[in-house]
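So this first bit is one chain, no partners, the form predicted on its own, shown in C-alpha cells.
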C-alpha cells in the first residue's frame, strides 16, 4: 500500500470514527514551510533547506481507566526529489495500575532534565535536521518506541523508561545540510559525492542493546530535585571502527550516564542546575583515540521576566574530559583539538507584543573554548485563532570546521512558515 493510499485511508477512518465516537477528540494543523540556504559554497545537492507541506492529525480519547493518544504526520517534501512521507510521531496507551503505578506504552516523545536546549541527562533522541531548518520546536524531540512506568510514593517518585530498540539523534546527512567528515577531513555534502551521505549503522537489534533510563525525583524545600541513570549508547556516532588502514566507519559507542538536577524559584525567577558523569563504556581508560572519552559535565541556568512581556534567560555549561592527556597526545598534528574543559554559554530572549499576538525570540549558543557560535531567531504572528505566520533563521559560525557548530557554518538559512490549525 503506497503513501497516498495510506493517507486517504487514514482520513476516511477518522471521518467515519468522529460521529460514532463523540468522546474522541480530533484536531491538527496544516503547515507550509519554505527555507533556503544563504551560503552558495554549501556542498549539498539543493539550495532549499525546506520546501514542504505538512498535515498533522491528533486523536485523543480519555476512558475511565485508559487514555489513548495518537499523532500522525503526513508530509510532501520537495526540497530534493519530490516525495511523500508519513510518520507516527505518537501512538500510545496510558493506564493506571492501583494507586501507585502509571504505564505509558507505545510510540512516544520522551523528555526530562532542566536545561533550555542543553541536554545532559535527557538522553532521548533529538532531531537536529528539523531543528536546523525551522520546523516547530516539537520536532526537536524524535519519537521512539518505549514503555514508561511511573511509581508514586510519598518519599520519592520513580520513573523507568525501557526502549527495546536504540534510537539515535537525527543528524544532518549531507543532502540538504552539510557536516564535517573527519576522514577527509573537511565539510562535505552529497553535492560533492553521493558517498558523503551520512547514516551510520545502528547497534544490532538485540535485547542487550536496548536502552533503559531511570529518574528518581521529589520536591525538597520547594525545589524539584532528581537523580538519573541511563544505560545505552551515545546518541551521536562519536566512535570510529576502522575497516582497513585508511577507511573507517562511524558508530555509536556504549554509554552510561549518572546525573542529578535541581530547579526552583529564586529571586523572582527560576534557577536550575544539572550535572552528569558520562561513562564511555567502550573506552573506560581513554586510551582509544577512535572512541569518545568519558567526561563530567554540569550547567547552571537562570530565567526571569525583566520587563512586561520580556523574558531573558542564561546558561553556562562546563564539560571536563577525563584522561585528557592521553586524548591530546593521540590527535593528528595541525588539527584543532578541543580543550580539556569546554565552556558553552547560552541565552534566550523572548518578547511578546501586539496584545501577545506577536512573539519575537532569539537564542544563542556560544563556546569561547571551541570558538564557535549558533544563533537562531524567529518572529511569529497570530493572525487569527486558526492562522499563524512565522519567519526565522539559523546562523552558524566557527573558527574550526570540526567543532559542534563550526561544522555547520555553511548551513545558514532563512525560512517562512504558515500554520493553519483546525
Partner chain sequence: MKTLTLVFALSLLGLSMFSSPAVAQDAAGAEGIMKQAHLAYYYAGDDGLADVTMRIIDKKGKERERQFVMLRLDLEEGGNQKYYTYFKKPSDVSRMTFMVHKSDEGNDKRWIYVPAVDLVKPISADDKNSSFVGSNFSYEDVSGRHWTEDNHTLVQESELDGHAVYVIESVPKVEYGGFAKKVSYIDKDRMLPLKEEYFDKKGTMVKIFRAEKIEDVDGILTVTLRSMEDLKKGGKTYVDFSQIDYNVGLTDDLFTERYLKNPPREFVN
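It should be emphasised that the depicted structure is a prediction, and the values quoted were computed from it without experimental measurement. Positions refer to the first chain, counted from 1.
Separately, the form predicted in complex with the partner chain exists; it is not shown, and the next lines address it.
For the three marked residues, 39, 45 and 173, no heavy atom of any sits within 4.5 Å of the partner chain in the predicted complex.
Among 69, 377, 365, 34, the residue placing a heavy atom within 4.5 Å of the partner chain in the predicted complex is 69.
Interface residue among 110, 260, 257, 147, judged by heavy atoms within 4.5 Å of the partner chain in the predicted complex: 110.
Residue contact check for residue 141: one or more of its heavy atoms lie within 4.5 Å of the partner chain in the predicted complex.
The partner chain is not drawn, but in the predicted complex it has a heavy atom within 4.5 Å of residue 384. At the 4.5 Å threshold, heavy atoms of residue 244 stay clear of the partner chain in the predicted complex, well away from it. The partner chain in the predicted complex is approached by residue 268, whose closest heavy atom lies within 4.5 angstroms of it. Of the candidate stretches 182-190, 284-292, 249-257, 346-354, only 346-354 contains residues with a heavy atom within 4.5 Å of the partner chain in the predicted complex. Contacts to the partner chain in the predicted complex (heavy atom within 4.5 Å) from stretch 314-347: none.
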